[in-house]
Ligand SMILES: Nc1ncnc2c1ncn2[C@@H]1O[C@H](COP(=O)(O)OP(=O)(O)OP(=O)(O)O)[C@@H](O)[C@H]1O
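Single chain ahead, by itself, as structure tokens, in the form predicted alone.
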């Protein structure tokens, strides 16, 4: 069986399980379950702490895993991302008291507090910056006020928490991150079970990004309509009972669907419908 590591809690857990469910895999019903066997799909899922997943995968104990790219980098484990999953996106930034730092060069000689020591150490080493890094588990915003550090490095979403603590971000982002599928560095790339798993997840990503659009159109307007809905290869066009009309079906990007419907209506298309795509293979 394919052995896969899944986050057991936190912001990665729910979206990862939801994506796997959409991909046709069984998922646990109780949060206390640590192992779940899906015999129909020949997969065994192991629910682990997100920070530990890269370690298990790099050791070869598990074939692949889903974790945050930030956690992979922070672990320093011998594993690599093979598929971005589009959720749990985050950005890591430096922050300090206003006026005390404006660029990453100002980090030299400073002490930086963070929960992601591996990420920060890698960033500093790549730029040849000599600074001290202090590891804290959570609430790093208070480190400056308490004199533990002059700078913090943390996940920044809106920046509200930092502003409330009297801090402001500066310099370039340390890194951006999202959920990824990872494997051991150097592992075989053509394992059929792994490839099938990746195809299923890719199918979910496409299904979430596209809708199926159907509409009726006059033949004389067909070329302009098809230009609006080219599909992945080309749209399906079928004649209707009423002469001079055709039915068109095509995949369109979900975020563009409403605009395309408006343009089609202005072109004279009618009975314009969109339906969700639950699964696909391209």
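Take the two forms, superpose them, and find the largest set of C-alpha atoms that agree within 1.5 Å; that set is the rigid core. Since this is a predicted model, take the numbers as computed values, not measurements. Positions refer to the first chain, counted from 1.
The same protein also has a form predicted together with the named molecule, omitted here; what follows describes it.
- This form leaves room for the named molecule: after superposition of the C-alphas round the site, using its pose in the model of the complex, no atom of it sits within 2.4 Å of a backbone or C-beta atom.
- Taking the partner from the other structure, the named molecule in the model of the complex has no heavy atom within 4.5 Å of any heavy atom of residue 114.
- Using a 4.5 angstroms threshold between heavy atoms, residue 11 counts as touching the named molecule in the model of the complex.
- Shown alone here, residue 157 lies within 4.5 Å of the named molecule in the model of the complex, counting heavy atoms only.
- Although the partner is absent from this view, residue 75 stays clear of the named molecule in the model of the complex, with no non-hydrogen atom inside 4.5 angstroms.
- When you look in the model of the complex, the only residue of 151, 182, 71, 120 with a non-hydrogen atom within 4.5 Å of the named molecule is 71.
- Comment: 89-97 is the region of 89-97, 205-213, 165-173, 122-130 lying near the named molecule in the model of the complex, near meaning a non-hydrogen atom within 4.5 Å.
- For residue 90, the Cα coordinates differ by under 2 angstroms between the shown form and the other one after the core has been superposed.
- The Cα position of residue 160 differs by 2 Å or more between the shown form and the other one after fitting on the rigid core.
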